[in-house]
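Okay, so here's just one chain, in structure tokens, the form predicted alone.
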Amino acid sequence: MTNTVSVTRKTLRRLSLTMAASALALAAVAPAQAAENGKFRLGIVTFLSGGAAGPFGVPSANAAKVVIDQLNAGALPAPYASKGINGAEIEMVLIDENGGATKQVEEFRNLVQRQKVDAVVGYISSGDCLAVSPVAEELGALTVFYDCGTSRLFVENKAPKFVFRTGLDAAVDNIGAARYLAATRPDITRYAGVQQNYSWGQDSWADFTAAMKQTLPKAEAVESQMPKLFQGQYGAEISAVSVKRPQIVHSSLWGGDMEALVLQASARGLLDDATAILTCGESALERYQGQAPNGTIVGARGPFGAFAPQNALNTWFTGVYQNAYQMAPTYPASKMAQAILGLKHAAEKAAKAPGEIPAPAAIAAAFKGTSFESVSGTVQMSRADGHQALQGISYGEYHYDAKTKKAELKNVKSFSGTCVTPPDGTEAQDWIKAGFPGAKCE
């Protein structure tokens, strides 16, 4: 599918101070102690400080707040028009994800054992997801990962019961990126990569290069750079890539790291001759403001943000988010909304009477293998034995009009979930190297 997506967002003129203030205001929502008050207590974990807060964590927290407020008011379109979760008011307990995996395990135990939350939705960092997952299973705590993309999540947790992911496996990002290049730039022969040097970046590059060997076998990977997470300055990496003269520069950098790479690569001339393909690029669509060259290829880790479909739920969500925060939701916000809607769907499916808050095991049983409607369309929990969402992915080209000061996405192409996702029980690398057997590309 090819089309043009207009982005009619107000220019974001504040980041650090405003988002920090927003984070503090949101944190004040969390009660200090658990109350036996019949409410559905929901832990929300995302970055409220540090380098991931502005581009990812605060928009996600903002989305959680507006969705929960609207759910409690019974203001959503069908099928989520009932108040709260099964009639019970939702009470949010907001936690900062900053601080590393060890801290997050401690915070998670506190949420479950002391704060007595009924469920947890959260986590951007793949490392945090991998650390929290076995603890969630140990404690029997219903946990919905909304953003982290590590392919190892359900490889290490081979028999999940209480852990679900309503976002997509990162392998989908990189298979989709390779398919987009094959569809739009079939003649490329040289590409390079800049990834963060931890499991997210390493796995992203491995999946992308393997997919490129299948989709564009004549293309050669001429350079790979792996800077540290949150490094911020990329002069050496940009120079190393530039001398190899690639036509495409693939990067799974996210948040501030991604924005810094784009700005520095543009200033140093790397992107004069090479086109960047940014798997997480949509999150900065408004903030590029012409600093990213027109034609830069961006993704949103699924059908989120500017790539979300025109349906009643997305129209509602975009409207209330814009009214609350004077900007349209980027993909992290869309993914947070999706996780909360999936949880509401499963909890109400599990409930036997109005106002009942089902036990975590009952909600988990209802969540497993279900399908639910979201701001991104229909979500099928059909991978990882019913614990991993299946959806398609889209990529498009960023274009900025200096006169109107508006950005839009052109040459958008979407790939179905069955085109970019391994069959259940098959690891991504095995499926890619075998040539995507059974893939159904519409």
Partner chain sequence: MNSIYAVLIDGTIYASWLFLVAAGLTVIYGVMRILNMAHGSFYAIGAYAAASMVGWYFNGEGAALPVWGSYLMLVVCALVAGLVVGLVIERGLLRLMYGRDEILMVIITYALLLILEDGMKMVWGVDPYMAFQPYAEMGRSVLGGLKVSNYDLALIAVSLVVGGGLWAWLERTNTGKVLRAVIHDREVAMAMGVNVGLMFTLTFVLGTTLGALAGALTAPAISVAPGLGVEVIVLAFAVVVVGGLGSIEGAAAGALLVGLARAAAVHYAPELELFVIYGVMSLVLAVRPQGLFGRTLVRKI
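Residue numbers count along the first chain shown, from 1. This structure is a prediction, so every number in the text was calculated from the model and none was measured.
Another form, the form predicted together with its partner chain, is not on view; read the next lines as being about it.
Participant: Though its partner chain is not shown, can you say which of 264, 318, 184, 214 has a heavy atom within 4.5 Å of it in the predicted complex?
Facilitator: Residue within 4.5 Å of the partner: 264.
Participant: Can you work out which of 351, 260, 222, 188 has a heavy atom no more than 4.5 Å from its partner chain in the predicted complex?
Facilitator: Exactly one residue meets the criterion: 260.
Participant: Name the stretch, out of 67-75, 308-316, 251-259, 169-177, where some heavy atom lies within 4.5 Å of its partner chain in the predicted complex.
Facilitator: Contact criterion met by 251-259 only.
Participant: With the partner left out here, check for me: in the predicted complex, does some heavy atom of residue 49 sit within 4.5 Å of its partner chain?
Facilitator: Yes.
Participant: Using heavy atoms and a 4.5 Å limit, would one call residue 91 a contact residue for its partner chain in the predicted complex?
Facilitator: Contact with its partner chain, no.
Participant: Quick one: does residue 236 come within 4.5 Å of its partner chain in the predicted complex, counting heavy atoms only?
Facilitator: Yes - in the predicted complex, heavy atoms of residue 236 and its partner chain come within 4.5 Å of each other.
Participant: Examine residue 227 and determine whether its closest non-hydrogen atom to its partner chain in the predicted complex is within 4.5 angstroms.
Facilitator: Yes.
Participant: Taking 58, 243 and 273 together, does each of them reach its partner chain in the predicted complex with some heavy atom inside 4.5 Å?
Facilitator: Yes, each of 58, 243 and 273 comes within 4.5 Å of its partner chain in the predicted complex.
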